[in-house]
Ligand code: UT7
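Starting off, we have a lone chain in the form predicted on its own, written out as structure tokens.
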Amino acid sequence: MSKKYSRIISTGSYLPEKILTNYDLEKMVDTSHNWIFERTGINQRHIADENESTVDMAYEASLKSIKKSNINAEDIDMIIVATTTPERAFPSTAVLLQNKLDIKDCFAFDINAACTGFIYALDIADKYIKNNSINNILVIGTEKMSTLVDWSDRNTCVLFGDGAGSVIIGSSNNPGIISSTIGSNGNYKDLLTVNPDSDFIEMKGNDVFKIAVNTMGKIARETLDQHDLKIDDVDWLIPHQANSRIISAIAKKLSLPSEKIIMTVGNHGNTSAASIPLAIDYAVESGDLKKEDTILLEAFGAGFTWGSTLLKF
């Protein structure tokens, strides 16, 4: 049996119609556009309608990636949804999405690794395909972070947005996903969390910043060293879009020029598990991302969780 590789064969994304700008937030909480932008690089974020769920957003993103692929919906063997904001406790968002897409002969499940969820999902999808188990996997990151935000807390409400991004991972005779690394450390569980009493996000920003920059810089170097690659061999870094200062600090650690970084945080805000697939689809649609480009994906999230994926597009 010939060796199978996993490869991204199509992408899709969805952003809610409503846009909340920094100037809108000035009317809601004690803040200003300049204060927000200087600290985060964020200009605006998309906010889902009250009746618009993570399933609805995942569905719209999935339709786009299916349409752009060379397969039909019934050819999908597996659905993985990364989310921290499921529509229901159960059934899973993935099963609800499977039903909405009318895909009957596949299996589906959710994972929650916070902002690193999409990287975790890619790692799982890669292993299923390389084990010759299945051929086509729909991987989605979808988040309605606005439901977890305390809109009176100026330190956190300015950061988050809603949206969904999707990719279809297919089997290939040519290398796509080269390697992935995932990890976590529960000792940091209280530095970025949802308070169980209020159900709102709480964050110790300075601590998160330092650990995120150090961890993501470290795993990037380890990933490149593992494959005898230099940073110049990477065409694009597509990091989790949490904060422009974090992304810039990581780039500085890696000596990576800003022209090689896909940045969407300014228009999307932090969309947690949806941020990387949203950024990938943005790069595809803008024409920046081309076939055979070498890409390094990186994420860091509550837990703490972290991960990286090195791939050929």
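Since the model is a prediction, treat every value here as computed from it, not as a measurement. A residue's number is simply how far along the shown sequence it sits, counting from 1.
The discussion below concerns the form predicted in complex with the named molecule, not included here.
- A single residue from the set Asn243, Ser171, Thr193, Ser184 has any heavy atom within 4.5 angstroms of the named molecule in the predicted bound form; that residue is Asn243.
- Only one of 282-290, 35-43, 64-72, 50-58 lies within 4.5 Å of the named molecule in the predicted bound form by heavy atoms, and it is 35-43.
- Not one of Thr223, Ile276 and Leu311 comes within 4.5 Å of the named molecule in the predicted bound form, counting any heavy atom.
- Although the partner is absent from this view, Met203 contacts the named molecule in the predicted bound form, with a non-hydrogen atom inside 4.5 angstroms.
- Taking the partner from the other structure, the named molecule in the predicted bound form has no heavy atom within 4.5 Å of any heavy atom of Ala121.
- Interface membership of Thr264, defined by any non-hydrogen atom within 4.5 Å of the named molecule in the predicted bound form, is ruled out.
- Interface membership of Thr31, defined by any non-hydrogen atom within 4.5 Å of the named molecule in the predicted bound form, is confirmed.
- Interface residues of 267-297, taken as those with a heavy atom within 4.5 Å of the named molecule in the predicted bound form (partner not displayed), are limited to Asn270.
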